[in-house]
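Okay, so here's just one chain, in structure tokens, the form predicted on its own.
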Amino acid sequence: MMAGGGLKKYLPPVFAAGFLALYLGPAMAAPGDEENGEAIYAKRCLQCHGEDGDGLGPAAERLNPPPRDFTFGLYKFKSTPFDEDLPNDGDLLRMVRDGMPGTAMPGWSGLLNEQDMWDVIAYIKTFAELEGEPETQVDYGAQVATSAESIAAGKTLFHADDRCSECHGAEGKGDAIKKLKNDNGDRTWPRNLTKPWTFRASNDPKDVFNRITAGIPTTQMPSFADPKSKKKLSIEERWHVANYVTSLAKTEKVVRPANTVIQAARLEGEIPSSPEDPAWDAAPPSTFFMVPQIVGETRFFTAANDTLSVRALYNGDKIGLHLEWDDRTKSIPGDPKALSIADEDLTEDAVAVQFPVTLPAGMEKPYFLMGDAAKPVNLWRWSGGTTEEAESVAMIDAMGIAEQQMRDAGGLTAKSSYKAGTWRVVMTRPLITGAADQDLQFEEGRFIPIAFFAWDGSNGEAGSHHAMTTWYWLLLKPSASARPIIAAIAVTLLLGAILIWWGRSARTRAP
């Protein structure tokens, strides 16, 4: 997403593209050529949105969320009031130009010039026979600057009578308490407000104010400017809530593409087994994107998990990994509450860490999707449990997505916690095991390939239906010691003594 404000520096360049365009205000519509727009639509848009603009293109069934149905003429993100059906043409241009993060809708500014985009918009509007200009615009009033006082006021309003927390959760992570669907009957999830890069229309306070004011048509996100609503907010109050929502953005656990190495710090004491132990704060987090598993059979296009944060610690005997990811539901098969929120099939939440069985001599690693016969991998898999079975951890030998064998855990342990829409799991294992032919043996100072998988039970994920990462690196940083310093001092003193001796000898021989 094109993040707003100071958060821009924390986000990858792909999300910053078009960032400044957000501040240019509604674009002035240019006359569009419907005939040219139709040709561009057939080439660029039809695969998803369909020949008739009804969102039923050939690729639609593999997309989450589904493509927009243009025949209704309803758009989620507009700068016109809640009771105004028509969006501004500038709203449509923005979606075409910048795309919609977290969806399959890309930004087209790299392939289409602005006139081409206006032509496409002119053609898209014919599907719903949209004509004319909106009669009214969102009233922004006087913007309230972000401040500690405004954020505090917004927090109070956010939680009062569960105004916003009913869907977005106590900490804004979108941890659902009820099952939501849009007007088409498609499953929808409340936005995780701590992940601004997933916002469809930026986390700039002005855009957040717009969503609070206009709502999001076709979804259960209401307008808090509607005078008929018991939870109505004034313009000033909406600015306070917008400032509070913006303040929830994560600035630490965000994806930085340049960070490909998880640095494990060395401890002198025990590895903390509790995910909530403050000792984990000593290890810097590394956060990675997760993508749906669409490589091996059976493919899965609608995975729920999108990022995973990892910390690592080790001592002379063990290594510990602290895994953290946001999950809107605690998926416990057999639990009535979990069943009421989940999709058709409720499975266990789960996460797995992947290592090669042996450290590669060079840069070549096993196949990233659970290895192969030539280069097998170890999977450390944690599962959240059911109402009848407690959480569990398993050691799995894998030689491909269809070739997995569970065996003795070999000292592998795991402990979890779930709070306010976030899972935290700690896995520990001895650095060295008695099965060098089966287990990776950890070495200090070596770059060790590592990858991750995650399953969201409320999304019916199991087996090959999951989210995943590519390979990254784990480095057990050698402990700081005085020995290198002492050795360097000793060498320096020795060299100094040799130079003094050589100088005196030279003076003696000079006459």
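So that there is no doubt, residue numbering starts at 1 and follows the sequence shown. Please read these numbers as outputs of a predicted model, since none were measured by experiment.
Below, we turn to the form predicted in complex with a small molecule, even though it does not appear here.
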Looking at the partner-bound form in the model of the complex, is Q47 within 4.5 Å of the small molecule by any heavy atom? yes
Heavy atoms within 4.5 Å of the small molecule in the model of the complex: does I124 have any? yes
Quick check on W380: any heavy atom within 4.5 Å of the small molecule in the model of the complex? no
Is there a heavy atom of F70 lying 4.5 Å or less from a heavy atom of the small molecule in the model of the complex? yes
Quick check: do Y75, P190 and V245 each get a heavy atom within 4.5 Å of the small molecule in the model of the complex? yes
Just one of 130 to 138, 435 to 443, 88 to 96, 266 to 274 has heavy atoms within 4.5 Å of the small molecule in the model of the complex; which? 88 to 96
With the small molecule left out of view, choose which of A249, L346, I262, I212 has a non-hydrogen atom within 4.5 angstroms of it in the model of the complex. I212
Listed residue (K415, K318, R163, K173) with a non-hydrogen atom within 4.5 angstroms of the small molecule in the model of the complex: R163
